[in-house]
Each structure stands twice: as structure tokens, then as C-alpha cells.
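This document opens with one chain alone, in C-alpha cells, the form predicted alone.
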């Protein structure tokens, strides 16, 4: 394995065998006697290479296989076929050596001791990972400054808000100064300020220590703000792998046009009307086939235009368009 490669998945398959349950009392009893199972292929021959020092976002529709990918890289699952190598280790066979070099944070789970102060969980982590006092103090000092732990240090975990708990969990995962950080929905339920703190800290450790970061989130604007590369998984396979600008280009030169007018929303050839909100009319159009001057001329022929604004569509809309095209549903954008 190339020493500059942090993660390499090759021909990875992962299949789950799920037991089907009845929907009525009669069916429930029948399934006890004659159980039925169905097979779900979560990953189907996936290949993925991530270099050291990269920040990579993994996204996809529910059930696409992104959580399975994260669990394989965390050492929580083993592949049915293919190989998973991270930091030169097999996450399963080299488990002890591997987990001491990674940090994992799941937004829907916590490592904090529920009825104990946050400080107790950190002291436990120091003992479990056999961190020297000097390393512990250095790492904790940096984490406290960046994530603001002072105000929650003596507070029991059960009394923390979701944002405070997320900051503490992230700090706990980063305490051993890992080479690879895996974040699954780290901004789930956080307010705008807490999200900014988490994302800024991720950029900081990536820039200063060249930490490789793999992040999943349903908040795609967060992913675009943080990561330079997006990997999209669909039906267990990599459907897209590249920069966000190239991802946007896959659905054309989509733009949004916002008009404030006197009167109702005009009908514009080459643009799709989306909505009227707060007195402004919003349209979607493809800048590759329709020009802004042509749209404005058409609008001014119908109404008096008071204000004009154009911008790229939110990344969420771009992804939604791709999801709809993959599923065969008609696109609304």
C-alpha cells in the first residue's frame, strides 16, 4: 500500500440477511414457525481510495450504503468479499493497532458516561488509551480552546444540550491525536454556531496536522463548506467521485433567478417558476441554454422589475436532482 494512501477499499461487498416479520398476529405466528429472510446488498463491489490529508465527504440516499462503508472503516463490520485497508492496517485483523490511530464520532451515539461529569469520560479515555500525562494535557488544552469545553467540564453528560454533547464527543474522539478521523453525522441537531465550531475545528486539525477526515452528513451545505471531494454512493456502488464543482456540472449550469416585481410573477421562456416568497419570485434555469439578459427582457415586457438576483442553486437541490434521476423520478429542478 502506498504510504500516502490513508484508505483503500477494493472490490468490497457487504450483504445483510434480514428476517421478515408479519404485519398481523396470524403472520407473526406463521413467521415463528416458518421464518422468511430477504437479502440486502448494502455494498456491491465498491472501490475507493483516499489519500492522507484529504477531507472526503460521503453522501447518498438512505439505504445507499454510506453507513456500511463508515462501519467497515471503523472496524465495526468486516466485508464479505474484497479488502479494506486503512493506515496500512486491516481494521478487523489489526484491530488493536488500528483503533489506537483513529478517532470515530457518531452523531447519534455518545461515548460520554451519562451520570458522570464530562471530565470523568476524558480521564477514562486517557487510561484506556494509555496516554502519557504530557500528551493528554497537550491534546486536551488544544481541544478545550477550539471546542469550548470549560463551561461543560464539570457538568454530567445527561444535563448537556445536544450541541454541548456533540462538542464533547468530538473532543473525546480526537483526544488521542488520531491520524484518521471518521465522523458520521457530526452536526446532527446542532445550531448554526455549534456547526461552525465543529467544521472550523475539522479544518484546523486537517491543516495543522494533516489529519485525514471522512465525514457523512445529510446537511450537504456543511459537506460542501468542509470537504474538497465528494463520494456519492447509490445502491451499494460509487455513483460519483470528484470535486463539488464537477458534481454541480453533472446537472448542467443550473442557476436561480430571483425577481422582485410590481404585479404577479411573469411567465419566462427557458425558466421554470419555483415559488413566490416575501414578494420575490424565484425561477430555475440552465445558463448553458438560456441567457440572463433574455430572461430579464422577457420579464420586463410583462411587468415592472424592481430587483434582480441570480445565484447557483443550493447543493441540496443539485443532489436531489441526481437522486431523482437515479431513481427514475421526474426532476422538479
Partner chain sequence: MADGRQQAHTTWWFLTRVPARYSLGFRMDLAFVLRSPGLAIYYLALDAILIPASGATTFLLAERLTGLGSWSVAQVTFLLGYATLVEGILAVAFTYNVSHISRRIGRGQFDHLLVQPQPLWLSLLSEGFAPVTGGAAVAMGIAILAWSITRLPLDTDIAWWGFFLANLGASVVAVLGAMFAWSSLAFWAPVAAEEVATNVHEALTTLGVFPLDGLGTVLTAGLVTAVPAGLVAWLPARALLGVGATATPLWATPAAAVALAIIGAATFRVGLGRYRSVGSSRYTDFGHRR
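Positions refer to the first chain, counted from 1. Since we're looking at a predicted model, the values are computed, not measured.
There is also a form predicted together with the partner chain; it is not shown, and the following applies to it.
Undergrad: If we define contact as a non-hydrogen atom of the residue within 4.5 angstroms of the partner, is residue 108 a contact of the partner chain in the predicted complex?
TA: Yes, residue 108 sits close enough to the partner chain in the predicted complex that at least one of its heavy atoms falls within 4.5 Å.
Undergrad: Could you confirm whether residue 195 comes within 4.5 Å of the partner chain in the predicted complex, counting heavy atoms only?
TA: Although the partner chain is absent here, residue 195 would stay clear of it in the predicted complex, with no heavy atoms inside 4.5 Å.
Undergrad: According to a 4.5 angstroms non-hydrogen atom cut-off, is residue 230 in contact with the partner chain in the predicted complex?
TA: Although the partner chain is absent here, residue 230 would stay clear of it in the predicted complex, with no heavy atoms inside 4.5 Å.
Undergrad: In the predicted complex, does residue 95 come within 4.5 Å of the partner chain, counting heavy atoms only?
TA: Yes, residue 95 is a contact residue.
Undergrad: Which single stretch, out of 114 to 122, 253 to 261, 222 to 230, 143 to 151, brings residue heavy atoms within 4.5 Å of the partner chain in the predicted complex?
TA: Heavy-atom contact with the partner occurs in 114 to 122.
Undergrad: State the residue from 177, 243, 137, 90 whose non-hydrogen atoms include one within 4.5 Å of the partner chain in the predicted complex.
TA: For this set of options, the contacting one is 177.
Undergrad: Quick one: which residues from 66 to 104 get a non-hydrogen atom within 4.5 Å of the partner chain in the predicted complex?
TA: The stretch touches the partner through 66, 67, 71, 74, 75, 76, 77, 78, 92, 95, 96, 97, 99, 100, 101, 104.
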